[in-house]
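What follows is one chain in structure tokens, specifically the form predicted alone.
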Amino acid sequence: MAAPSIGRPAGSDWVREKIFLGMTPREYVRSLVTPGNAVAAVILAVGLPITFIRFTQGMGAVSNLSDANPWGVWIAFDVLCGVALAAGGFLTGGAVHLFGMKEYKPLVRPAILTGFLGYALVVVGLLFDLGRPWRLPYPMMVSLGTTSVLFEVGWCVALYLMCQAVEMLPPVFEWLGYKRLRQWAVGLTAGATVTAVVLSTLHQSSLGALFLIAPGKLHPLWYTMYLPVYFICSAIGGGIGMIIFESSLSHSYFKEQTKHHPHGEFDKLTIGLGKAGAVVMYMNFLLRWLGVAHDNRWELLTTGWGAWWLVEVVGFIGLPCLVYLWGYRKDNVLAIRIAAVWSVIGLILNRFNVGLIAFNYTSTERYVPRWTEIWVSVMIITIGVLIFRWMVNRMPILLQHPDYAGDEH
């Protein structure tokens, strides 16, 4: 994969250099003919007609959602998982810009870009799930609903998305060659980072608090007063896993952009993240058992639901914690990457358990997603990957613009 064009061409060469990566339009189109793009084209070719049906004939035409099961895979995966997996943006931004951990600077921009796209696509996924999507801004501007947790979540997510957009401005202006605007955007970054960290802790925990209003619907092993703490703690663990996963893929796929960053130094960063992952997963593991002890749910662990809870907590929190720890002590990067993917899968399993599987567990009418719902989620992820690749191939996300070599930002 070619490195992005970071020079400053003039006139008609601008489009060729900045958009078509120095190729003619015909050469650029030919370069897009790859197996990966073919798969993406098939996903979009099926997903776009489903989208048209959804917004012209309603949710019932493409989903199995009902009054008994109003929340389905679009909430459990697109929203609950999407928000948590995008936590890497505020984690790396806070670590580098607020706590001075400058050695992790190479991971900041790709993590913030991943977080920004993740939150933006959460909003897109939410539009599919709302009966009247054009009323998305209503809780924030028209009918405030200040007593609802969703009011706080809506405002937090909207403001956080704006903060991440501000944090993404410096590489965009570097790509466009706007030095003064870039300097102005850099001046806003510290404030945006502080605000983003505060907002993240609020809405990540608020998503857990959202389920506190459903004590009779969520299974007692998952329902606890600690749900807000679980959600923020698991989001941090999943966010660290996503940083390791995404940065490892980027170093493998975008080799031209990452060749300035020696593998030895990159491995040290991965091992450091593995140590943080082990600590967070250990805390998450203890908190989950604390909830069982506090609510005295021990007898439920011998039921079928208890076995499923143990699969999640022991299999996808405790075991990856041990693998993280082993990888850190042995300087084994592969083990840490395995633990990272493991923890991300565990986070997805937790959000599915809380939002879908263990929710409405006594209902006789169980929800099973239609294939079109799953396809829409796959299409949204595909769009995110395509936008991420488009931006990384053009903007200084993984490499540093030569005009700003040595710049602290």
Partner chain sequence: MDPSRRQFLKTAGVAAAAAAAGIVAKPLTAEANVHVEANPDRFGVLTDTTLCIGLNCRRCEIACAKENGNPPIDTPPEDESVFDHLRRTHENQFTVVNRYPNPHGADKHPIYVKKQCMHCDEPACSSACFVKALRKTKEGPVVYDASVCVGCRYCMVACPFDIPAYEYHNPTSPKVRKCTMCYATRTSLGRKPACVEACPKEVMTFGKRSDLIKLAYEKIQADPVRYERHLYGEHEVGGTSWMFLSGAPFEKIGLPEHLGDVGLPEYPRNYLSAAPLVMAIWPALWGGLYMFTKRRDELEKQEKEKGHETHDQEEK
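Residue numbers count along the first chain shown, from 1. In this text the structure is predicted, and so the values were computed from the model without any measurement.
Quick note: we don't show the form predicted together with the partner chain, though the next part is all about it.
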item: Residues I43, V313 and T372 all lining the partner chain in the predicted complex, heavy atom within 4.5 Å; value: no
item: Contact residue in the predicted complex, chosen from L130, L334, A307, A293 - any heavy atom within 4.5 Å of the partner chain; value: L130
item: Any non-hydrogen atom of F352 within 4.5 angstroms of the partner chain in the predicted complex; value: no
item: Proximity of I50 to the partner chain in the predicted complex, heavy atoms at 4.5 Å; value: no
item: Heavy atom of A68 within 4.5 Å of the partner chain in the predicted complex; value: yes
item: Touches the partner chain in the predicted complex: S248 (any heavy atom, 4.5 Å); value: no
item: Stretch from 238-246, 79-87, 274-282, 141-149 whose residues place a heavy atom within 4.5 Å of the partner chain in the predicted complex; value: 141-149
item: The partner chain in the predicted complex - contacting residues of 81-101, heavy atom within 4.5 Å; value: H97, L98, F99, G100
